[in-house]
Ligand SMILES: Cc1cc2nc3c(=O)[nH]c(=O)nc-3n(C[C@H](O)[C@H](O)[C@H](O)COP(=O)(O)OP(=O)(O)OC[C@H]3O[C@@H](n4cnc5c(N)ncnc54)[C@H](O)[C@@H]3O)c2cc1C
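Given next, in structure tokens, is a single chain: the form predicted on its own.
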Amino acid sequence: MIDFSFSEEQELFREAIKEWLTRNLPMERVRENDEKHELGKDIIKGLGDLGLLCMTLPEEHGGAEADWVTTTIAAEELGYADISVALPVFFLVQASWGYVVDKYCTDVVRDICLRKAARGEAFIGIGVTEPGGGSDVAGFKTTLTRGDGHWILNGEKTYISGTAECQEMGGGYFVTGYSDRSKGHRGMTAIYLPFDTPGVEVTRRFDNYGRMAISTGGFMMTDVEIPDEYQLGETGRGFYLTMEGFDAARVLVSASCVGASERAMKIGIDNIKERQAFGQPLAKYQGIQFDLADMTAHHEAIKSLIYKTAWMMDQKYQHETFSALEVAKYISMCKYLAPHHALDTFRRTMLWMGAYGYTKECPLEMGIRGVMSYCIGAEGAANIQKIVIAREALGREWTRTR
């Protein structure tokens, strides 16, 4: 018999997060953060004190040793509280990419960054996307050249989350580059890049459409010397580590989008119960009810898919029950469906509200701006997810060759 219930510990965990966020991150604070373009040191410290930052790391490395279902609960609740999804981005980047860095790094990296990041005293992020694009990882131009006991890193990264936070707090990024371009994607190697290393220059901060409270920037790497102990995993395995990080991040992105869309429906439902038209609340009109029914059905289906996928991730890591490719198909289904569902939910609930929905007095516009980033392509474009889904449905022999 399939059991769809959460454990008692997970239910208590959800309630604890919800209670803390209700007190410390009301919608007024979300709006303030969005307008000031900052998350707030008190919020970051609070997440660290709660044990939410880098919660996927083992306890001896500073984390909470949380499984993926529990981490998904946290991502959903953060999305519900901060519908701009800025704080969820700060959380999920570190929970997913911090996990991958920790899995393959030395104790040196744990000591200089990961333990601090878990306390909210540093930032660990993903620095993959390049000016030519982000989805074609094997097409990147960044290079790693052997030195005497170190790598020499050259290249440029752009549209990277958390560059201002990383400059202010300290920390660094998961970065990949070609150590042997003749081997194609099997010639890529991953490293941890401390952001204060000489030769690293922040080139700009983008004025984003949404997610305003967390920065997005770019940086140049010119003859940056990276000691061998900062290498992540084996030489030539960087592409595969990158894919593992994307998979971990995508399920948390999806959960954040579902949390945000649930909050949008709650705001919309409260409005249509109160707003009168032709002598009756809007909630009594079937045109509105059918709209809500459609959103609710899609919401529950996608939410169930996300938690099944998180469970599959736990089974893969803990018991090797599923292969990485089996789980990747489900992860891509989540990442393909959840952001578009959230965008559609915000759009439809805004329409219920008429002119009020088009003002900044209504919080929904923060959500529609935020989740759009995940529809466009953060952590993998929609068409990339379709390619993965189709590849696993058809069989790898049907994959298009270069």
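Residue numbers here begin at 1 and follow the sequence given. Only a predicted model underlies this, so the values are computations on that prediction, with no experimental measurement involved.
In what follows, reference is made to the form predicted together with the ligand, a form of this protein that is not presented.
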Only one of 270-278, 154-162, 256-264, 297-305 gets a heavy atom within 4.5 Å of the ligand in the predicted bound form; which is it? 154-162
Give a yes or no for G133: in the predicted bound form, does one of its heavy atoms lie within 4.5 Å of a heavy atom belonging to the ligand? yes
Quick check on I387: any heavy atom within 4.5 Å of the ligand in the predicted bound form? yes
Do G377 and the ligand come within 4.5 Å of each other in the predicted bound form, heavy atoms counted? yes
4.5 Å heavy atom contact, T70 and the ligand in the predicted bound form: no
Please state whether every one of the three residues I126, T129 and R211 places a non-hydrogen atom within 4.5 angstroms of the ligand in the predicted bound form. yes
